[in-house]
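Take a look at this single chain, the form predicted alone, given in structure tokens.
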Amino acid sequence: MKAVRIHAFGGPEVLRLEDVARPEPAADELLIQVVASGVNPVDWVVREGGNDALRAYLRLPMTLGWDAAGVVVAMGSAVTGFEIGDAVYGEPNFPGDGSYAEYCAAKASQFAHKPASLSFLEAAGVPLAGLTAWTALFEHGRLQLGQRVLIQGASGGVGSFAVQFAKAKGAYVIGTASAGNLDYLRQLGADEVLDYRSPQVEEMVRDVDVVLEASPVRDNVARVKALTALKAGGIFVSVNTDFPFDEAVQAALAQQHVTGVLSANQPRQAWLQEIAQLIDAGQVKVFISQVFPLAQVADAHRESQTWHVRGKLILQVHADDDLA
């Protein structure tokens, strides 16, 4: 089978399209014929050698990609709830053999049936960003009906899902983004939108229950300012797990009687199922920015690294009529 692998860490030039053996699923795994794979910032972070949170887990050579949509072609003896031919979406094993490949083997617990209303290309853009947003909002942020949430970086991959999930659960959503993306946030359903470059943005938001840091900016000074938006007992959740809270942030958390959490993605099947229900009910949309053939993966990485992508970047691995 064809797969994009790296044998050394570095720039987009280290990405190689190669012939490799098709994986065999373990007892608790599915073998998926991949139709499409999402492209996410973590992909090129790993390609460059990872960060402090990831580096210890990386082994070369490696197939990248942790967003997949495709069809089940085989399964392990312990797998239940799936059948051969099922259309599925989810996260491949990290940091195992990824989804930049014609086939990937992955734990069945990290996959669910694909939302019926989405194409494979659209579905491939959901799992990693969607589960990152879900984990942060509901597992760590404990966001509930009627609460107020401030989402920083709300127009990005994680932020876009976070806005929609929070609205679907009945929260009041305030989103920050660049001026050019404010109308996009309104389309997503945000109740208030703010230009993150405004010097008064921290003064304009008060008494929120949750602040979600979905922005790629790593700045503990900015975190201290953002904490002022929280009411006592509120929760500050960051998806930037490679960037710990410094002493100033820790002191501000204690002084303001709020909690700070670094939220790592959790690939749970039950959450993928609930996300699929929201999508099929029309409460969550998936926005595709650009689709690349697998052979143009380096171009997809370069585009991702601009940090100016609105919506998802997708690699098309198979055409629908190519499926076994």
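Fair warning: this is a prediction, and the values are worked out from it, not measured in the lab. Residue numbers here begin at 1 and follow the sequence given.
Just so it is clear, the following notes concern the form predicted in complex with a small molecule, a form of the same protein that is not shown.
Not one of K2, G38 and N93 places a heavy atom within 4.5 Å of the small molecule in the model of the complex. Within 4.5 Å of some heavy atom of the small molecule in the model of the complex lies at least one heavy atom of G159. Taking the partner from elsewhere, R218 is found to have a heavy atom lying within 4.5 Å of the small molecule in the model of the complex. Taking the partner from the other structure, the small molecule in the model of the complex has a heavy atom within 4.5 Å of a heavy atom of V309. Within 4.5 Å of any heavy atom of the small molecule in the model of the complex lies no heavy atom of S117. Checking 100-108, 236-244, 198-206, 76-84 against the small molecule in the model of the complex, the stretch whose residues place heavy atoms within 4.5 Å of it is 236-244.
Of the candidates V163, A123, A214, V149, A214 is the one whose heavy atoms come within 4.5 Å of the small molecule in the model of the complex; the others do not.
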